[in-house]
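Quick heads-up: it's one chain on its own, the form predicted alone, in structure tokens.
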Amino acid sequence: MGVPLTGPAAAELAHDCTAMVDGFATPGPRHLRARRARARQEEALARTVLGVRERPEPELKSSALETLAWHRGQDGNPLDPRTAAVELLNIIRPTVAIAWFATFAAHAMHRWPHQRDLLRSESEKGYAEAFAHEVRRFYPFAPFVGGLAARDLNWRGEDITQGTLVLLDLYGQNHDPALWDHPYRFDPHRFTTGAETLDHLIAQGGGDPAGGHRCPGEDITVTALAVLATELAGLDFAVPDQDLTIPLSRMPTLPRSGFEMSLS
């Protein structure tokens, strides 16, 4: 993103972004920890934005930081530093969330070791991307997302009044036998045949990112996860005894022990 960070500052930013992701849609201490982390990083990034503006504005912006620092609103003025910091953090934070999917990828390779061989092999073009899709479908990063109805509407015979809390069942949709053959079988090949449509896969929300409630960073997530999974498969690692059960009552969830491994 072009943010100049020393080692300790980068570690603090990663730690705070982890707290933000771990605290979404959660009451209690995790939520408070996430709010403090967000405030701390918004303040730090606002100072960074002001530091960029102390230099002459470049004709060509070479990073997200420069683009946001010099972006002008309809009034012709640059964004206020806090708004620029919020938008910058909205790019940085989701990249840290990919770590959850990377953990699930490691869990899948441990549970089904032949997946490591398939990822190492170059015989199946596009298998790493298919693996990334299947990790997002099979594992429950979040069980559901919610929103308030913006207006009165009727959905498939159900009247929904404005302001009603509506939940989108991500885990249920991604494991619906009416949409997926053998939905509780981990099988990346379902995404290599073209038989399945990504409209069924709502691991990161539904609809079109331009006008619906779907994550605009989904393509980046899939690409990054495919690269991370391939690199992980190439490591010679062992998994010590630990509790790798995944609680569906936690949001967002992870294996109870995280995922501990030892490298040879």
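Just count from 1 along the sequence shown to find any residue number. On a predicted model such as this, the values are computed, not experimentally measured, just so you know.
Separately, the form predicted in complex with ligand HEM exists; it is not shown, and the next lines address it.
Looking at ligand HEM in the model of the complex, residues A97, L170 and G217 each place a heavy atom within 4.5 Å of it. Between the options T26, T221, T230, S63, the residue in contact with ligand HEM in the model of the complex by a heavy atom within 4.5 angstroms is T221. Though ligand HEM is absent from this view, in the model of the complex it lies within 4.5 Å of a heavy atom of just one residue from R53, H213, R47, R35, which is H213.
Heavy atoms of N90 reach within 4.5 Å of ligand HEM in the model of the complex, making it an interface residue. Contact check for Q204: a non-hydrogen atom falls within 4.5 Å of ligand HEM in the model of the complex. Ligand HEM in the model of the complex comes within 4.5 Å of a heavy atom belonging to F141.
By the criterion of a heavy atom within 4.5 Å, Y127 is excluded from the residues contacting ligand HEM in the model of the complex. Contact with ligand HEM in the model of the complex, judged as any non-hydrogen atom within 4.5 angstroms, is confined among 156-164, 115-123, 97-105, 77-85 to 97-105.
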